[in-house]
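One chain follows as structure tokens, the form predicted on its own.
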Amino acid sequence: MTNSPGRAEKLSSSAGSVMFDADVLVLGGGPAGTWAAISAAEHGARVVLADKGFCGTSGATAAAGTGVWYVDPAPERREAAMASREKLGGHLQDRRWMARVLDRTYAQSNQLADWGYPYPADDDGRPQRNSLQGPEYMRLMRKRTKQAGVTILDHSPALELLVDGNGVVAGATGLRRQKGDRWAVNAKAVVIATGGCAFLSKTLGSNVLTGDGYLLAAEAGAEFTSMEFSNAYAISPAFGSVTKTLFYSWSSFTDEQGSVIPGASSKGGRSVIARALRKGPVYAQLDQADAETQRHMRVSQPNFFLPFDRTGIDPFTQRFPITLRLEGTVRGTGGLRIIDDSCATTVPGLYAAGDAATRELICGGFTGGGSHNAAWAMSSGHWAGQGAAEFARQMGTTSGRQAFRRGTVGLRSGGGRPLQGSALARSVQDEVFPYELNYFREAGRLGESLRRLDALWSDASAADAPDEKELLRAREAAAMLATARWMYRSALTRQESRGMHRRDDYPEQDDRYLHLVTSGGLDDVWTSARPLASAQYAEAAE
């Protein structure tokens, strides 16, 4: 069969699976995944995109609006944009990558306008391209992905990667949840764009973000970086899941008796809120927003107000209880280590984009919200798709190539007790949710938690595969567990406080740790120090 660029070939079904042949397989259908799929197709590849949910509606972006790191190309504005992030991120960023992302985000945002995205205009009629409404954005991205000729597999979470005898990625397999069977894609390159890991913390849109792509990549031998920068907690109404924290800049924070909590704030005072929550309830009220600001809030982020409208609370005039929900690597900067400008990982043929990839290159150790993550998704998605398409082109024919399954925990049977995914997920949450373990870190507490997590991994590795209906939750739980172990092992290694990583026993920033922490491994988790990219460039120039 002759295929037009971007159109994958559907092969005959085998052993309960529907099979496809493609040049590039993209795992994940959020912003990074759709940008990657479109980019790969535009570069001549036959592309399959498999999404855990419904591409265009699942994930963190589709559920709400997001800011975008869209900056006018005037040199002074670009310089200010980069400089403003460096102290927050602990000076771990790379200026070259920041400039690349600013350039690519500017181009991609303008591309969205050309495609018909309805950007608002200011009072002078100038388009405002520094924010996106998630539903409209992702609806357009699904449309453009289909128009590019990409085959979309909805409700089709990946279970494991395939690799050939040389260790080169050769595709993946997964579930088709609505069909009750499985899929397999033979591919010359794979892009992991499955998002980060929020540990099923009930943050809006994150129910599908359980670190699945991390586990798949690690089983193929991939490395991670900056996983210690993964303890992002976002403010949320105690009765809701919306974690858009910008509006809390206009809030006062009080205890149960109504007394103001000194130092509590959305920016720079969230640790104060965390400590107060350990003692009792904390309340917020957006009482510092004037009438015009209130109107603008309602227009720009309507989803923020849904929990209040449903419960009959006016957040501008009434106090409401809040909590801090863990967003993990979704709002953190850790993820798969990328080794070149095409967003290739340490595994041949495997690329990473969006929250699945590290954002250390533009954010260092702190992101602070959707703006930079949204820009990174656009940019890394474009580069990863292009890189994967080029890798596939160079591979040429792969006729007769043997592929081997790389999945581990939850996928193998040996006569033992089936893995209980829901119970394992709760056990992992018990280790990563508590503020005293993850927000305020300390060697003794981290070490004890790691011993428990390592024991959980040992038990899970010895367990049998569950039945088909429990298989997805088992793999999600295994991914959460693996992510927690990389996080805490990296956090133990970084004996200082930098970015979002806080150590009670090392409360100051230490110049001896002005480097990056690489991690990896499954049965035996390891870490190592790695110099900053800027230092490597300087050495090469000498």
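No experiment lies behind these values; they were computed from the predicted model shown. In this text, residue numbers run from 1 along the sequence as written.
A second form of this protein, the form predicted in complex with a small molecule, is not displayed here; the remarks below concern that form.
Engineer: Can you confirm whether 51, 157 and 355, the three residues that make up this candidate site, all sit within 4.5 Å of the small molecule in the predicted complex, judged by heavy atoms?
Structural biologist: Each of the three qualifies.
Engineer: Quick one: does residue 499 come within 4.5 Å of the small molecule in the predicted complex, counting heavy atoms only?
Structural biologist: No.
Engineer: Quick one: is residue 195 in contact with the small molecule in the predicted complex, heavy atoms, 4.5 Å cut-off?
Structural biologist: Output for residue 195 is yes: heavy atoms within 4.5 Å of the small molecule.
Engineer: Residue-level question: is residue 67 within 4.5 Å of the small molecule in the predicted complex, judged on heavy atoms?
Structural biologist: Residue 67 belongs to the contact set for the small molecule.
Engineer: I'd like to know if residue 327 sits close to the small molecule in the predicted complex, meaning any non-hydrogen atom pair within 4.5 angstroms.
Structural biologist: Answer yes; at least one heavy atom of residue 327 falls within 4.5 Å of the small molecule in the predicted complex.
Engineer: Given a 4.5 Å cut-off on heavy atoms, tell me which of 116-124, 274-282, 329-337, 421-429 is the interface stretch with the small molecule in the predicted complex.
Structural biologist: In short, 329-337.
Engineer: Ok, 374, 161, 350, 187: which has a heavy atom sitting within 4.5 Å of the small molecule in the predicted complex?
Structural biologist: Residue within 4.5 Å of the partner: 374.
Engineer: Please tell me which of 60, 478, 491, 41 lies within 4.5 Å of the small molecule in the predicted complex, judged by heavy atoms.
Structural biologist: If I apply the 4.5 Å criterion carefully, the residue I get is 60.
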